[in-house]
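One chain follows as structure tokens, the form predicted alone.
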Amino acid sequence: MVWRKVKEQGFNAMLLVPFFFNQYVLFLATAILVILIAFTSMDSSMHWKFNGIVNFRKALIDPKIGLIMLNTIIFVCMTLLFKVVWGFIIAVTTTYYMENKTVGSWFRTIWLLPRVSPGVVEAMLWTWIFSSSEYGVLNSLMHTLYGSAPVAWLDKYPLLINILLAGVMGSSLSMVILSSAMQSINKSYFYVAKVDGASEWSILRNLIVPFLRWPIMFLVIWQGLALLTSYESILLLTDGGPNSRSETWALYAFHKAFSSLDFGYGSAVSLFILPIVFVVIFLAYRVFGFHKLMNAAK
């Protein structure tokens, strides 16, 4: 009996080994390495030469930093709003207002396609849609309908198009989580509300939204932090251009480290995100009661 318990505990511990290795070895080692490199002038020669806080001072007087910060705030806020609101609309429409559950499931499955498609494919598709060529999808459509001349959409609205791409690709996660939460609500609440004469708007505002409070809070915090450090879709679609008009903080750090090969400065720029992440986590945990969601159910 004792031996059997030991074997079970050992098997459970083995399953957790990859998690602990990733969280407490790889992540920790990477974080320490980035912090150390930020205090060096390391370049393509990979020579460790410590230079104190020179890289941090350089970042504070970098003429591009103001534009990069503004782009980051707009990109994170607008994309987050798009992801959560659009995911909420799809979840409520397909699980509550759509009476045919099979049709609702099919619609949600189709909406998952952008999520499971490779990012490169999505970027190529959007590049074709917004191409400045007369054969681009949007230009062809505008010419057919209004006789318009070709427009360089990606040069004219680079940040807006990146927000739309990131929003469309990311709203499927919001849809899945909110749909699952919607289906867990006891149906008797809806019956009682309708018997009492509640309107659909009242049910949405006073019943559905309060029940979805915690999933929405989780999505806002999780996706907000992810957007702060993500840059892949922007890199593929506009590469931060033109003239850094769609460049965000994380992409700027990537460019400095892997395009300019200024690893020390790139690491220092990336570290400026950390205080923001810690402040958001603290506010979520202590001010907005996120610890209630994290605690085990009693």
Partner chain sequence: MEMIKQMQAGRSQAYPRQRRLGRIKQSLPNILSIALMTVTSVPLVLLYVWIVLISFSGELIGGIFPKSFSLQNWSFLWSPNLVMDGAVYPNVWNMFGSTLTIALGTSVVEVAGSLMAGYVLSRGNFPGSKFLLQSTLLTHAFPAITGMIAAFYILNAVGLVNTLTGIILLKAFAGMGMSTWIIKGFFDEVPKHLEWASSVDGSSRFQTFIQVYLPNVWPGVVAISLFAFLSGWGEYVMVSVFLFDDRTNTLSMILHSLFVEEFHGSYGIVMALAVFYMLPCLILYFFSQQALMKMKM
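Positions refer to the first chain, counted from 1. The model shown is predicted, which means the values in this text are computed figures rather than measured ones.
The same protein has a further form, the form predicted together with the partner chain, not shown here; the description that follows concerns it.
- A single residue from the set Asn51, Ser260, Thr30, Asn243 has any heavy atom within 4.5 angstroms of the partner chain in the predicted bound form; that residue is Thr30.
- Between the partner chain and the residues Ile110, Ile185, Cys77, Ala152, the one pair within 4.5 Å by heavy atoms in the predicted bound form involves Ile110.
- For the partner chain in the predicted bound form, the listed stretch (202 to 210, 67 to 75, 185 to 193, 82 to 90) containing residues with heavy atoms inside 4.5 Å is 82 to 90.
- In the predicted bound form, Met98 approaches the partner chain with a heavy atom inside 4.5 Å.
- Although the partner is absent from this view, Val121 contacts the partner chain in the predicted bound form, with a non-hydrogen atom inside 4.5 angstroms.
- When the partner chain is considered in the predicted bound form, Leu160 lies well away from it, no heavy atom lying within 4.5 Å.
- In the predicted bound form, Met175 approaches the partner chain with a heavy atom inside 4.5 Å.
- Residues are counted as partner-facing when one of their heavy atoms sits within 4.5 Å of the partner chain in the predicted bound form; in 246 to 284 these are Ala250, Ala253, Phe254, Ala257, Phe258, Phe263, Gly266, Ser267, Ser270, Leu271, Ile273, Leu274, Val277, Phe278, Ile281, in sequence order.
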